[in-house]
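For reference, the chain that follows is the form predicted alone, supplied as structure tokens.
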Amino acid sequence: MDIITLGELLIDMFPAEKGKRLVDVSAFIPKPGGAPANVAVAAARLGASTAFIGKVGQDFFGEMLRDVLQQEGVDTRGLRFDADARTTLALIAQPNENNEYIFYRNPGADQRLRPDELDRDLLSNTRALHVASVSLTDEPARSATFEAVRLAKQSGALISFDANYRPALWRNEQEALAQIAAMLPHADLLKVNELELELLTQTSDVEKGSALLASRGGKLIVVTLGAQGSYFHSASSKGFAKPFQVDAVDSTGAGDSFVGALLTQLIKHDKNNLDAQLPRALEFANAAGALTLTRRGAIPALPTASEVREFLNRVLPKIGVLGVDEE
């Protein structure tokens, strides 16, 4: 298996209208979602073999989500069904450039994945495992996540971690910071956005913040910067990957598309020697994220490999090359 993702698989309830707060939206439209599941589909559409590990309710939404993953070519042998909890719902509003969320998850089935339910054979035979902080909010999913990381790392897999901070899902900010900090030393790749970088480091300076995260155990730090592209920091190099300008329709899933695309490029190489691959890998990931912005929804908006290649062939001569600084 190329890439396994573990975490939440849920229903995103998209607003019928943009520009309104949650309390003012007239209706919601159900779409498949959940950041780790989005990453699995993103990577599958880009040509990687992927699998998903997680838990959904034994209900209509849970069965629909399983079917969506299977239709996208994602292996679902690690998916579990819970007869005592419902599939998690996330209600979304888009009043401005930042989405509003309310989660119906108290508890949701995704929180109830147990360590003994993990597919250990699957985790012992993958090139990369991707997890995010949402599965660290509650037990037993928290323990299951750390155990999955242990198993995959033991077998030599690249460990990818997305901070993906959702304040509404944590009891308090301090607990979130503690759990993210606990996972950081296990991660070969840490992905954060600008707000998460500042939350974790108390600085908005991407170079200083990335260096701080690296000093706390992160091996490769990648910061997504929205319209400004992305930035990376490793032991021997750092630099910016230039953005691609598109007419944005919906930001949901763009970060997951970015991660899925980045992982498809990184797994082709030795995880202990990724620096030389980073500029082109980030260029590819930025392009995948940009294309996702041009469509509505998370999974429905994710591009294929041919779409990303066509996009890059069309725009690269106009924007030039990446800037990379060697240490």
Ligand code: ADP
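If you're wondering where the values come from, they're calculated on a predicted model, not measured in any experiment. Note that residue numbering follows the sequence shown and begins at 1.
Omitted from view is the form predicted in complex with the named molecule, to which the following refers.
In the predicted complex, the named molecule stays beyond 4.5 Å of every heavy atom belonging to residue 210. When the named molecule is considered in the predicted complex, residue 107 lies well away from it, no heavy atom lying within 4.5 Å. For residue 65, no non-hydrogen atom is located within 4.5 Å of the named molecule in the predicted complex, even though that partner is not displayed. The named molecule is not drawn, but in the predicted complex it has no heavy atom within 4.5 Å of residue 232.
Stretch 284 to 292 is the contacting one of 51 to 59, 265 to 273, 37 to 45, 284 to 292, since its residues have non-hydrogen atoms within 4.5 Å of the named molecule in the predicted complex. With the partner omitted from this view, the residue of 254, 92, 206, 180 that lies near the named molecule in the predicted complex is 254 [heavy atom within 4.5 Å]. For the residues 73, 115, 239, 226, the 4.5 Å heavy atom test against the named molecule in the predicted complex is passed only by 226. Residues 191, 193 are the ones in 171 to 206 with at least one heavy atom within 4.5 Å of the named molecule in the predicted complex, listed in sequence order.
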